[in-house]
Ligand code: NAD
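To begin, one chain is listed below as structure tokens, in the form predicted alone.
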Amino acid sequence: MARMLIGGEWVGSRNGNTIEVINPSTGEVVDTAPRATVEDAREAIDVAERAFAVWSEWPQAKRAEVLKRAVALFHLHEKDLATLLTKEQGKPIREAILEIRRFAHTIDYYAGLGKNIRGGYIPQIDENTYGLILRRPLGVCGAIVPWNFPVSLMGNKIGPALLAGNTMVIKPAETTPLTDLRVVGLFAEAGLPNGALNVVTGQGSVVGEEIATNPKVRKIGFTGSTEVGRRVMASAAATLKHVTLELGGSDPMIVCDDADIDNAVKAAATGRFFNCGQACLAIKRLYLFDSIADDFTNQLVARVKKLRVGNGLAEGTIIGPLHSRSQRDEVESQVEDAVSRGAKVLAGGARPQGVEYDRGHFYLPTLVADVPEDSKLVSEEVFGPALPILRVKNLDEAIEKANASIYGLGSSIWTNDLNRATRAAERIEAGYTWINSGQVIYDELPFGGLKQSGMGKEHGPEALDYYTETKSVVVKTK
């Protein structure tokens, strides 16, 4: 059985209850983890508060050295970590390896900023007077992490929070706690002080709610659905916590009539079906100019039909299962809703057949054309391997339809016209826009959604702003 990390000790829950972690490909139990109580969560918060007095006093460069040593351990254990991640989450092993590397890169990036957290000096603000601007850590920070990218999305919070001198209590998703526990243990091996980083596993209604409401927690970093994000924000408001929310998305991809079709087709397939389409930041609405729509669609259909679905640990698997039965049911209902309104399935639209699929949550990569704008496949977030294809006459229509959503996370446009690209970048309501590029996130650039896709920024030096606060000091010299 896996154990929680609280104050440097590996412990079970106080009542001894556990959660079974299930392999989405086989239905088999991978391991069990503690089902924590409110008292467990409070203990972790109290421990983190005490550790803050120690960790926050370490010089930035010394904190960065711990992060660097941890990165070396992540690379050393990469294969084992990726295998465990595939077993509990379902994604193909090649994607799991990429996630572990992504996590290591993020931590390494913030380690590299170890001497770059700066305050300010304002001379002569009055006679014989100058001012200082101090930058200070917030204190205990909570991180609530989802199941789709449980390791890399945890890293988005750990990196800036620890570098800035905060301590943390992490609540992994109930269904994917195992790799997160293993990774946090490597931070401890790297020399992180006891209590600076704690992991409490269990239900969101118990552990997550305590993190969101406990007055000792000064900040919450949350990644998940918009619906749950609203609840986290409401709970945090009672004690005026800082919040960073990275929520749902329905990213549009626009392909103009002058685009590089071959590369755009590859980007559409990868951007929609990576991690079985289970990503907030993924291509979820495809807008094609009329004149190239047929050619593009034919190439995309041919490519998608070649994608191999299977167990994430099996050789040659490109697309693993959905993470849960309920997740597959939801995607199926969204596709069925579109078909009932007159849409046409061009590829997929069903569960794969064969004994190797019987116990897993598999669904074929799906393309759907002639999709009504008011269908669930367009109007809702689709968290699975289904992509609606829509035609537009020109860029203005494409941008208008792209913005007709409550979400504003990512977006992309394919064109060789600089004016078109600039107009799209300026007018699409999204926190990220890729131009002639696949959806790759860079640690060097701030990332966060607009509208109901969230608030605050992760990645980049800007993320440190959300894990620190400034204090003004006036110094009178005479």
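When you see a residue number, it is the position in the sequence shown, counting from 1. Source: prediction; values computed, not measured.
There is another form of the same protein, the form predicted together with the named molecule; it is not shown, and what comes next is about it.
Only one of the listed residues (209, 257, 332, 380) places a non-hydrogen atom within 4.5 angstroms of the named molecule in the predicted complex, and that residue is 209. Exactly one listed residue, out of 105, 401, 231, 77, brings a non-hydrogen atom to within 4.5 Å of the named molecule in the predicted complex: 231. The closest non-hydrogen atom of residue 223 lies within 4.5 Å of the named molecule in the predicted complex.
Interface membership of residue 153, defined by any non-hydrogen atom within 4.5 Å of the named molecule in the predicted complex, is confirmed. When contacts are judged by a 4.5 Å heavy atom cut-off, residue 348 does not count as touching the named molecule in the predicted complex.
Although the partner is absent here, residue 147 sits close enough that one of its heavy atoms falls within 4.5 Å of the named molecule in the predicted complex. Just one listed stretch, out of 292-300, 358-366, 261-269, 169-177, contacts the named molecule in the predicted complex at the 4.5 Å heavy atom level, and that stretch is 169-177. Not one of 19, 31 and 34 comes within 4.5 Å of the named molecule in the predicted complex, counting any heavy atom.
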